[in-house]
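In structure tokens, one chain follows: the form predicted on its own.
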Amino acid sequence: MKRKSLLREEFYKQGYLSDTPVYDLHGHMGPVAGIHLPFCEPEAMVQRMKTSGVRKLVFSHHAALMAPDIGNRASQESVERYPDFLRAYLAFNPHYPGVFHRETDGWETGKKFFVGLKLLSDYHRVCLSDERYRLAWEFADSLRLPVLLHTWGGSGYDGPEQVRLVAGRYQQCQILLGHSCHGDWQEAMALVKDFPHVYLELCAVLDERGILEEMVRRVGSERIIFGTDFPWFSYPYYIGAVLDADIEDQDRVRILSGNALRLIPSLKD
């Protein structure tokens, strides 16, 4: 029998949590060719956030993933417009190192908008441990920044074996396993247990029943980060999935709010 949850009852009744602001550490923004994303522009996204009680979203613009000079600029402009709701990841594409040099030269200004880095190894077709990513890893490590990875089970570019290599080399940054090596859950949890600076992240994870409960049981709710890929997925679905899991309310509060603030205290601003 599923345990009682006051948070779940409150969310189902009013659509948001009054005393637990949600922090989403895995989002995107902007249109994508070939798919209809009805709420992908900053105005509509912020409105959806308000409705569901999401205090801050940390995102990378879709354009930044392949054209970082264009997309990172768009990310910064959106944060400038909605500083109370948005922060961004500085996207790094290993095929354009010169862009990264220019952007990080102005980090004292940029850190008002960017809280860490986003790496998309599977899409760039470059392994996380490849020399071409060293520039980004060393930068993040030197400043102890969070690095959100796209990770996927079975991938030779950003699967568990690649994560294990970079986690061993770079131990000052905080590594967020976007999608938690999707499908390869046991290896993802093993990484978190072996490396104190590695965290599970829930985007696309909640399509499998029972896995969140197993993660909480095996690694603890302190090592799990809430993320959604918004605007690809909706907040009522994702927040509801965490609230409906058979875990304690204190675990839900850590996952939805506390862990993000501990990793990135500036989100309180």
Partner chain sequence: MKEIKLWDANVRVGRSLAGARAAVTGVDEILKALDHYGIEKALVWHIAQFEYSASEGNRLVRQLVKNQKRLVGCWAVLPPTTGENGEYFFDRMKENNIAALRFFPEQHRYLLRRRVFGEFLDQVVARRIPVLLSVKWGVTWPVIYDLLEEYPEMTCLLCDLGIWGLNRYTWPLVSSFPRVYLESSLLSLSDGGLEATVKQFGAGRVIFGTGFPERYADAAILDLLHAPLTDEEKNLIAGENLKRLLAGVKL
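Note that the structure is a prediction, hence the values are computed from the model and not measured. Positions refer to the first chain, counted from 1.
Just so it is clear, the following notes concern the form predicted together with its partner chain, a form of the same protein that is not shown.
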Any of the heavy atoms of residue 17 lying within 4.5 Å of its partner chain in the predicted bound form? no
Report yes if any heavy atom of residue 27 sits within 4.5 Å of a heavy atom of its partner chain in the predicted bound form; otherwise report no. no
Residue 218: heavy atom within 4.5 Å of its partner chain in the predicted bound form? no
So, in the predicted bound form, is residue 50 in contact with its partner chain at a 4.5 angstroms heavy atom limit? no
Contact check in the predicted bound form: 170, 262 and 267 versus its partner chain, with a cutoff of 4.5 Å between any heavy atoms. Do all three pass? no
Could you list which residues of 9 to 24 come within 4.5 Å of its partner chain in the predicted bound form, counting heavy atoms only? 11, 12, 13, 14, 15
